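Only one chain is shown below, in structure tokens, and it's the form predicted on its own.
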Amino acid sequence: MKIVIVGGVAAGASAAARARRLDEHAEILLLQSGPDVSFASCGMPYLIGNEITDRASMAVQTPQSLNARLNIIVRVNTKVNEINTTDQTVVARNETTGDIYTEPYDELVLAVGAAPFKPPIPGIDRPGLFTLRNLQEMDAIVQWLNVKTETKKPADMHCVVAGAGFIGLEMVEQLHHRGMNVTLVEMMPQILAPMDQEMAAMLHKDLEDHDVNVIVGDAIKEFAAYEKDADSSVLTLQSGRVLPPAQLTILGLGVRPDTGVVKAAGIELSPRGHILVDEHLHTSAANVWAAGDAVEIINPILPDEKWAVPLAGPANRQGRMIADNIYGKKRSFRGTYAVSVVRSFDLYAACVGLNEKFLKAKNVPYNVVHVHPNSHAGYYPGAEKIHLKLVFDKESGKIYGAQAVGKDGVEKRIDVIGTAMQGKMTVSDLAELELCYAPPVGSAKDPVNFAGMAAQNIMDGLISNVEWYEMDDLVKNPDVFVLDVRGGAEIEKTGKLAEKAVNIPVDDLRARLSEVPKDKRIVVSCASGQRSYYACRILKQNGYANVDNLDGAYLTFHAAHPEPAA
């Protein structure tokens, strides 16, 4: 058997390695368009920022190492220009020598990946503007910065990062780590699109606390030469705002599937250009498979939906599964849950599954809870708040997704919820999970348990919530009574929820029930939502029929809405 693999890195290299372990005698040929067959793409921002210092460590495998250990023939700097699915051949060009040749295949694996998106903005090809897809682009950025810092102090340099996705945030952090002034520009109204607004707002504030200039809701209109330095660019935004001259601009404007040659071969693509595959990762063409950033796969949370999720973990597993299926294993890819994490200065942000924006767009009914427990036992030194959001179906308890932000233990909780989602568990199951506990690393009730319990309370009808974005309208309603059950000194220190809020500490509430009107809708808040839940239960069991808890309470509200509701 002859297996030809187009593309290396995560999916292609995994398919090649697994195929060899299953068949010692197969001819396995991997064609890679660039000079590196398998490299640590997720580590590139950290090498640029000097947090990783060993450049050689970025090459996970080389053509020589793959050949020596796995007897895989690797041809780098080789671009596939044509796929003939009838004859089962590919036409490749050696980009170094210019030689063009034809290779037959018995099985073809497409791991063509995605390319950075470069919109037709005037001046986008100017010097000092870089995308970050491979080690060569990483090296070019490092070289550019090294040259610039020979004549300019890092503190006197201005860098712009266009696009506030995962790579964008990592590049902001790492350029700042090198001592440079950084502006982050995002055309959407918030940073980090996989998170919902109130969760992303916590990272936004942290960026500003680190002196990053964050601009959202604006896009780049033009790059122009700076008259005093031809290698610096002046960026004009769509709003008309002009940024200070930038010595470096990173273009993190998203990616597009690199599927031109696939389309030309007549292999079926999605409207957005991703390769369509079945549950076994087989394309519309016989003996042709596809994996990685270029494929559209099942959204297992809403099985009627498909999506493209460009992440290294799923790509690795898909490549391995294709090799299994070539050899008759008939494994089914169950889809991708999009489990992701990013570090941004003092905070980690992690998410899994679907957010509110997605569910609203699809008209899917949902509920959410926000909880703010500690990363470990509060009495043990070093405990940090975890801001955890759970999105679920109130009727069935199905988990749609989760998001978390904090300094410690964030990814652990999202990993647990992601695993629960893959196991088809419900929010009630989260409440019952038995997880590791010792004071330095956790609590007897883990944050995941707290989120499950809060959701379970809604399902059981013990509580009903309102969300932070409803408060401005609620406080304007004369028939709404806003009750803040924090202590007075606490409110004075952290801030008011709303000008009209009446403060009755929860421990005093039973004795002061006469101050709470029964003929109005009561909205209760505290700091994190726990005391307000207790207050809601007191009120409900004392004859107050129309009582709601402010989900996530002051911490969630204030993150997205720094001023009091009015």
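Just count from 1 along the sequence shown to find any residue number. No experiment lies behind these values; they were computed from the predicted model shown.
The same protein also exists as the form predicted together with another copy of the chain; that form is not shown, yet it is the one meant from here on.
For another copy of the chain in the predicted complex, the listed stretch (29-37, 519-527, 493-501, 43-51) containing residues with heavy atoms inside 4.5 Å is 43-51.
Among residues of the shown chain, D479 is not one whose heavy atoms approach another copy of the chain to within 4.5 Å in the predicted complex. Although the partner is absent here, N71 lies within 4.5 Å of another copy of the chain in the predicted complex, judged by heavy atoms. Not displayed here, another copy of the chain is approached by M321 to within 4.5 Å at the level of heavy atoms in the predicted complex. With a 4.5 Å cutoff on heavy atoms, R331 counts as touching another copy of the chain in the predicted complex. Contact with another copy of the chain in the predicted complex, judged by any heavy atom within 4.5 Å, is made by just one of V261, L237, M187, A312: A312. The single contact residue among Y337, F358, Y105, Y400, judged by any heavy atom lying within 4.5 Å of another copy of the chain in the predicted complex, is Y337.
Contacts to another copy of the chain in the predicted complex (heavy atom within 4.5 Å) from stretch 83-109: none.
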